[in-house]
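Provided below as structure tokens are two forms of one protein chain, presented individually as structure 1 and structure 2.
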Structure 1
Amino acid sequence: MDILIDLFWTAAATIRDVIPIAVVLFGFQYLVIRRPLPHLRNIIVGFIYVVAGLTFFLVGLEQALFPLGELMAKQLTDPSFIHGIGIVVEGVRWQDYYWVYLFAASIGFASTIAEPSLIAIAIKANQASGGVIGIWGLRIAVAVGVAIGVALGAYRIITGTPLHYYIIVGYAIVIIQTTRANRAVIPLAYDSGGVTTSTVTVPLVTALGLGLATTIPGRSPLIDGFGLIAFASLFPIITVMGYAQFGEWLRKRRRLKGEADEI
């Protein structure tokens, strides 16, 4: 019974959030453009699907993903897990949390691969480039960037080092890459960083950050628990431009090798 009540109130909140979008779209279509919408029935059915899907997704987040992410963080940072039951060690070094880093990288990679918005961007990029940009190549490049970013963010939470140091260095690398990367890939790389702040990645990464900040002594959930999303958005820009630069370097090398063979 509780789950049905939860579904009802979540559906009501979702409808309230979707209504402004519908008002803007239908308002511009009928009041500004002044043309009827084609396939109106399909659009209405689509809106119903959106509301239903968001409702079940949000309830699933609250019931499963958030608690699971926090539970995993607590278990992985438990001293009895790190050192073994019955073994007492004074203090815990950052190196002792290697399972946390591996879990953070794995959850960042897996959640990004499953990200619907990234799949859509990869398909559109593949179509716009005439097949030059591979769908799986782009998805893996973004996922690797998120994995590195989330693992580094977990390291920051564990060590308690200031967030802005990492952000400054990260964007310095992005600026350097931007000056040297192919102009065609720069907008795609910047958008790829934004796609990671979407439906699947954000809840899992946020739950992990809050779980780590809650269980590690001396950390504040408010100050240290957030910030992982910034890492998850920054590092895909680096990896996508790096992926494009590496691919361009390979093509040049093959072309030079082919010319050398002809000589």
Structure 2
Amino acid sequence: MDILIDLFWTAAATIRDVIPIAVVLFGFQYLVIRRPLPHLRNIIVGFIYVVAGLTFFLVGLEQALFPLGELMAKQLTDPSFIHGIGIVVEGVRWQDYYWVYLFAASIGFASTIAEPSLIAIAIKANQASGGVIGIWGLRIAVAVGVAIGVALGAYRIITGTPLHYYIIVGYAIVIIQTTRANRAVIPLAYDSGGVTTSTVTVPLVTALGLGLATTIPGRSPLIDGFGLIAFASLFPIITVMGYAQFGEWLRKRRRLKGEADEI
């Protein structure tokens, strides 16, 4: 019964999210463009699918994954799990948190693979590139970026180093890569930073950040709990450009090898 009530309220909330979008779209379509939409019926059915799909998706996540994932984040950051029950440790040793890093990386990777807006971008990139960019290749590259970002973000909270050092170094890497990357991949790489952080990733990653910031002495959940999302959106830019550069390097090497073989 509970799941039905959840479905109802989530559907109401999703419809509320869609209304401003629908108003803008149809408002401009009928007041400014003033032309009937082709395949209007298909588009409306598509919108209904999107709303219904997101509703089932969110309710299912609430029911199945979020409570367990959030509980896990709390248990893994609990001092009695990290140091053993009843053992009190002075200060914070970052090496003790190895399970936290592994969890951060794997939950970052796995939740990104399930992220619907990344699937959307990957489908579009595959179409726009005429199939050169693989849907799974892009998604895995982004997911690896999020994994690195969240694990490093956890390390930052544990050690208490300032956020902006990491961000500035990250940006510097992005700038260097940009000067060497193929210009067709740059906008896509920049976009993939923004899409990683939505429905699935944010709640799980936030729970981890808050868990760490609450249990580690000297950290404030309100100040140190933030920032993991920023890491999760910075590193995919680096890995997507890296993925494209690696692909190009492989092709070049293969070509050189081919030429060498011919001689």
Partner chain sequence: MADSIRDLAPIVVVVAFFQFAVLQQPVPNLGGILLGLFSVVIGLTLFIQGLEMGLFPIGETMAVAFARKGSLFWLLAFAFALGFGTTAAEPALIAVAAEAAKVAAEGGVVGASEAAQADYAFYLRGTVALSVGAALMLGVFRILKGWPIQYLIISGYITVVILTFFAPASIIGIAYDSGGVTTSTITVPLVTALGVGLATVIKGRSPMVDGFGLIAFASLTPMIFVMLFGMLWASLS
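Superpose the two forms; the largest set of C-alphas matching within 1.5 Å is the rigid core. All residue numbers here follow the sequence of structure 1, with the first residue given the number 1. Computed from a prediction, not measured in an experiment: that's the story for all the values here.
- The first of the two structures is the form predicted on its own.
- Checking Ile148, Glu70, Gly170, Arg156 against the motion between structures 1 and 2, you find the hinge between the rigid parts at Glu70.
- Domain rotation between structures 1 and 2, with the chain taken as two rigid parts and C-alpha atoms superposed, amounts to 11 degrees for the smaller part.
- In this core superposition, His39 moves its Cα by 5.7 Å between structures 1 and 2.
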